[in-house]
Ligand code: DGJ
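A lone chain, given as structure tokens: the form predicted on its own.
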């Protein structure tokens, strides 16, 4: 009680000081400042600075965007509303009870609360002086990691519900000579293709309207180069992402004077939300960092922050595994699974994961056309049920994990026959099926209870289950909620909020349960969902060559600890070594018929798993340095360096070199220049000798950074994994 009182007094002291001064509001990390100022005449608040941290507080008054310079200030309102004198995209649009579409927000107060030595929250309270509408802008800063979260809360006390058709999480402004956008897009099995363009007058929009599996085409993150295109190790780069598992939208608008406004938030498509009186509408968090040292530093900041604060069990262990999917698909029984568990033990991984196809009786899951919704073990496949498999795995010496897709339903299921009212589906039109399935209406509390009950029942019956793979293979089609009735515009948003309710219940009851977030590959890759999941599945495409590009794209925002990569049989032109080396850059798994490998391949895989376990602290918790991009030629290389700089792991791949192509030494990063390091090639096939001309030699970190080492060759589809150890 005493501690709470002290905190309250500190908060009130902050409040009093700011109310008296009523000037600057500073949102800052150790390296970035975002500064607002209140116009004393109008009461409106403006962004006057976003850039590298200013060391002298007294120099704020010298900022070129001083609010008394009307020509500048009135273009950068902190949370611009529709109907005002601004002619460009607003952050907020409200239709009031009387039909008026205009809102003016004025500063009321702000409060700064220091949560600990690293985390500070700033809340800015705004209010319309005509209509009873209030908005709170909330910023949370992580000083050391240089990360800022931004969100808003919208509230009103009008007599009836109001309609809000714009509700941004964040509005930021930039004044620079040029702007360059890097975006990440694709489709199933070709996620995170990287493309860049210069932004000119007008709007560029990145959005999705898929509802569920929302990131199938466009990823909810981007990079913005200020003044120059995005580069890896130099230049000013803003990297941003929206923590939202549904429809999102980023709007980049260059105005008539060459300024850029960036609006981030939920996509308002088909979502003019009806907000009841005295109900808070909370927007998702827009999370960003501003780097003065290129995209590489921005990525490392995101990775460190996520492990420390956002990713479930971000500092914990990760389980290596063998999955049965590509070994059996839907065709398995207890004997086949038992043999695969023995393979997992022989391979040396921690866990066996049972994938799709284990459930349904009246409508058995023998293909993807039936069974979703009926989460009872298929008796003719698995007569002794999941408990037998958990017990067998334990006796074999591995853990047991299981696949579910609880938000989805097949029309060929008992659940669909009993509860068609639980399904998002048009009542008066022909139904369109994506992948032979439909989406359960997660805005309905009864459906939320049912979905949570799937996990809860499995765990109650099998408390030793060690892992869940949670899939989501369909976007929302046939958009209509029987539950919401006359408020269909709330469906896209309430559906996602219902999903979060379930995620939270699972995490609260089973806080130590590792879970993989999967959505037909990388269709879900956002930091709100990852609060509840230890990792995610970037792509169903496990061709190692394609994975080099896919993992390169996701690594811009997500650490190796959060990304699953499996060794499979995709791309038979590549060796088991090449495929394993690619997967070892992330959280390692296998999805392959281990018993069909020859003895050398088996021995290689065992040694690779052992090496991975020995080095996984460096790989999963170390700093990532992207050294050579696969987009720049026929080779690629990355490295991880642990926090102490005692150990590093370098991965190098020859993808498709041209005849007599000249290759260059790779200059390393992240090492201590003053220390000496031994270079050792690992992950060699049995009887294979290293072709590395510096193998087992010692160099200073300075030499490795400035001169580099030769790691590429002129041969196709070759790989090297190099352990770097401080002496």
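Positions refer to the first chain, counted from 1. Computed from a predicted model, the values in this text were never measured in an experiment.
Not on display, but discussed next: the form predicted in complex with the named molecule.
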The named molecule in the predicted bound form has a heavy atom of only one listed residue within 4.5 Å, and of 469, 249, 75, 261 that residue is 469
None of 533, 305, 416, 537 but one has a heavy atom within 4.5 Å of the named molecule in the predicted bound form; the exception is 537
Non-hydrogen atom contact residue 355 with the named molecule in the predicted bound form at 4.5 angstroms
yes
In the predicted bound form, is there a heavy atom of the named molecule that lies within 4.5 Å of any heavy atom of residue 473, even though the partner is absent here?
yes
Answer yes if any heavy atom of residue 518 is within 4.5 Å of a heavy atom of the named molecule in the predicted bound form; otherwise answer no.
yes
Examine residue 483 and determine whether its closest non-hydrogen atom to the named molecule in the predicted bound form is within 4.5 angstroms.
no
Go through 355-363, 617-625, 223-231, 341-349 and give me the stretch that gets within 4.5 Å of the named molecule in the predicted bound form, heavy atoms only.
355-363
In sequence order, the residues of 422-440 that place a heavy atom within 4.5 Å of the named molecule in the predicted bound form are 435
